Every structure is written in C-alpha cells, then in structure tokens.
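Here you get one chain, nothing else, as structure tokens; it is the form predicted alone.
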Amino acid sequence: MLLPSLREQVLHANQEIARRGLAPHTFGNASGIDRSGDRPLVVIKPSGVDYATMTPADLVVTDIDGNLVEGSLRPSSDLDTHTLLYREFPQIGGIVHTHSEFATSWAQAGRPIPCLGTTHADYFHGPVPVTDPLSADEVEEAYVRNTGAVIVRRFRRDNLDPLALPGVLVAGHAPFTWGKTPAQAVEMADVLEYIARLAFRSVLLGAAEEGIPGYVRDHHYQRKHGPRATYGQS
C-alpha cells in the first residue's frame, strides 16, 4: 500500500472534520500531498464514504493531475479542486474542504470575513477572502476544476500569500482551508469556523467591518508567525 504514513494523516484529518462538527453526513473532504518522489502523489478521501467507517486502505491515491494511482473507490468529487491548488500553491501540503455553518454562511452571502479582532489576526493576516462567482461557462466546462481556478485567481489578483491567508470562501459554496500538513489544514478549518461565528455575531452587534487597526492586526499575526515570533516554545 502506497504512502501509509500520509494515509494515516489524511484519515485523521477527515475524521476530525466529523469530530469537530465541520460538515454534516459525508460532506467535506481532506487530502494530503507527498512531494518527495519523482512525481507528487495526492491522498484523498473517497467519495461518499462515512467518516466513522473509513480506513487507510479506503483512501485514494492520485498523481497531481488527478490520475488514479492506487485505490478501488472513486476519489472525492472535489479532487480536481485539490489537485489544482497543489499545483498552484506549492507551499501547501494538506487541504480541507468543509461546509461548516458560519463560514459557509459568509460564503453564501458572497462576503469576505472581516478581521474584527485579534483572534482572527492570530491566524489570518487580513480578511478571509471570498472568490468571484463561477460563470455559467466555467460551471459547464469543468465545475470542480474551475472552483480551484477562481480561488487561485482571487489570490493572484491581490497578490495574497496562501500561507498568511490559509483559507478562502468560494462564493455561494463553502470554505477551503490548507496548511503545510493535513493536520494544519483541518486546524485552519476549525479556526475559520470559529472566527466566522465571532464575526457574524460582532457584525450583528454593530462592529464596523473595516475591523481592527492594521498595526494591531500585523502585531498579532507577526508575534505568532513572523521571524521574531514569541508565541509558543522554541
């Protein structure tokens, strides 16, 4: 069986989607990529398989273009989004797609999540971006692949760093998050849902959507992720 260690990581990330309540039923998926060999290989959740019964052997291995390498089950229906993001964002090693309630609400409203406080700034260096809606031609041509394309287009347009902003809202759809590992990707999915919930309530209470001052946002992000970070243990 190929990539047993990565399979375990991806299985755990998928199970965490369910355990943390980030997607009902079999919604959502997690994947990871191994870039160490001659060709990168992706491990991803099989389509429609229950998180509770899934095993490492159930996971599907493809190449970075989505061609099947190993597995007897169909891969996630979102495979082409994952593989495009891996090709375009070579810094990332894991991707999670959820339908968590509050983050999905912002996505369905087509609104970015404003950086209203330091909790947000500790993880996302600015508002969580939202994509443009897919056009009718994009949906007809290749809906799943073009979901990845509108994500990449959003990041390229404003020169956004996918490591500083480890997630995005696909307009009318739901969030995708990522990290250097599948575990980091699912942690970002959990954090994204938390800050989406905080932002929703803060806006209802009258918070101005321009958010906290940039110098506060930058300080909090840099103290956790910058070259002179002071958060955690060395």
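We number the residues from 1 along the sequence you see. Here the structure is a predicted model, which is why all the values come from computation and not from measurement.
Below: the form predicted together with a further copy of the same chain, not depicted.
- The single contact residue among Ala183, Met54, Leu41, Leu198, judged by any heavy atom lying within 4.5 Å of a further copy of the same chain in the predicted bound form, is Leu198.
- Contact annotation: Gly172 falls within 4.5 Å of a further copy of the same chain in the predicted bound form, judged by heavy atom distances.
- When contacts are judged by a 4.5 Å heavy atom cut-off, Phe102 counts as touching a further copy of the same chain in the predicted bound form.
- Residue contact with a further copy of the same chain in the predicted bound form: Gly117 places a heavy atom within 4.5 Å of it.
- In the predicted bound form, a further copy of the same chain sits beyond 4.5 Å of every heavy atom of Tyr86.
- Taking a 4.5 Å heavy atom cutoff to a further copy of the same chain in the predicted bound form, the contacting residues in 203 to 227 are Val203, Leu204, Leu205, Ala207, Ile212, Tyr215, Val216, His219, His220, Arg223.
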